[in-house]
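One chain is shown next in structure tokens, namely the form predicted on its own.
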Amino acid sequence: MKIFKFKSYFAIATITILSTTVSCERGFSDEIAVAKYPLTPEVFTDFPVGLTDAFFVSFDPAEGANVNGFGIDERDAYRGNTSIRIEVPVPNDPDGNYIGGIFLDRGNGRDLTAYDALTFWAKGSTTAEVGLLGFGTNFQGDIYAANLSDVTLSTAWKQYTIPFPDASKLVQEKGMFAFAAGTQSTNGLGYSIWIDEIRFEKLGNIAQPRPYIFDGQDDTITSFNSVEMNASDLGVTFNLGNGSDLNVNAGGGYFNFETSDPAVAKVSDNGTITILSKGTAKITASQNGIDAKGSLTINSLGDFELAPTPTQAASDVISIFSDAYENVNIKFYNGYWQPWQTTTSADFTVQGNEVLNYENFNFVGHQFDDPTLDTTSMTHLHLDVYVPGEFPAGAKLKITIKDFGPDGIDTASDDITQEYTIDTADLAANAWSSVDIPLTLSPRTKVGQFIFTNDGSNLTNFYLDNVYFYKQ
């Protein structure tokens, strides 16, 4: 099978997109109407439609996106002569452990208000789950993104439909298609994806929209003044023409958000929540006049005490997570390892300072193996821990520092670890506790991971800041 990568109209670009301001100057008369945006429904048939030769834009390679597996196939297509072929990399591929990106309209965008869904045909070389398929991601806010999660592909061509959360919002859309795929569902086996006949359509059989925020749950959190967060787990459930229901993840721009007390917490049009003062406020939303299921009640305790400012010189530090230093290349601060992990992230920003927040905590991982770290010259690992609310009896926090061995790859057979347990004597309630762990790990030339566990204790919620190696 012949694969043409980046041939003529296929090109990879970085995710740094220059924002283009579109201005309309009047011509010979002020009475000349401003032209509408193109109504073109086709995105890819036998070729990309109405797009430039640099329409594919990869997700960030610095975050693990592999840019080498996107091309066209001239031997296998659902209809016509060509299809898009995507090669999903194996987890240890040095060029990146997943593939993903968008099809970007680099012109003025398209008017999609006449349509109600994106449709396309797809199949895989093996049965696999694709993490994301959708449209509306444009790297310029993504407020009108709409996508499906964990879409199961079979080895036969099948058509997929993504309903519009609200077509009236899509008057100038540039994000024509989006995808992301890894090997979580294939136990690390790389595979191929074919996609064809991507177009916007007016199906007329999509009904019963049921919007939701915060995954349809009525959540309550304790927080502090100046904390910023985004309304999360937004979507709309639709009934399709075949009678089945489909959940579509939706960007914040599709919703109308409200706050019960704007003096305590305000919420932007796109769902950014800012806590202003001590008190209680409830965040709700609607979509196209339909109340969204779910809410967030915020109990603000007032001003938040930031973690102590680090004093080590930057030249003596290798930073994993800190606003005081430049962090190394991080793959994730929460790998969401399934099926045993229950830990969720509720990270927040306060006074411009980012804080990691782990809830429902049993264990969680930090991964920074691209590349691994040579910490031979470092003498200590530092972290600041904050336990909010009532202090749980017998709370413990165990940290495992892992060196990936001679090959620099996370394999149990040659990994080397150091464990350290922070117990009740080292932790406090509603205050920052600074912990400095002497490094005894040897060798420590290819350190790539931390694992935090509650060591069987009742510690289920904590904040984390200023995680870094340093030398004395």
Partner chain sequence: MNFRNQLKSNIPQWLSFSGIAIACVTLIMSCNPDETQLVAQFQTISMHDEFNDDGAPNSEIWGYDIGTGENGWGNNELQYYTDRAVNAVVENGMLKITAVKEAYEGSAYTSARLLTKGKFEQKYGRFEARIKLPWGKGMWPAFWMLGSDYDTVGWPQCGEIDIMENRGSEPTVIDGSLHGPGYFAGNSLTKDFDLINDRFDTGFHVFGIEWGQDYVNYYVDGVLYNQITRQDVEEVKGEWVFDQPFFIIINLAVGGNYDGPPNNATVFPQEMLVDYVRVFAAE
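All of these numbers come straight from a predicted model, not from anything done at the bench. Residue numbers count along the first chain shown, from 1.
One more form of this protein should be noted, the form predicted together with its partner chain, which is absent from this view; the next part is about it.
Of the heavy atoms in L203, some are within 4.5 Å of its partner chain in the model of the complex. At the 4.5 Å threshold, heavy atoms of P94 stay clear of its partner chain in the model of the complex, well away from it.
For the chain shown alone, Q208 is a contact residue for its partner chain in the model of the complex, at least one non-hydrogen atom being within 4.5 angstroms. Not displayed here, its partner chain is kept clear of D303 by more than 4.5 Å at the level of heavy atoms in the model of the complex. Listed stretches are 225 to 233, 173 to 181, 212 to 220, 238 to 246; the contact stretch with its partner chain in the model of the complex is 238 to 246, by a heavy atom cutoff of 4.5 Å.
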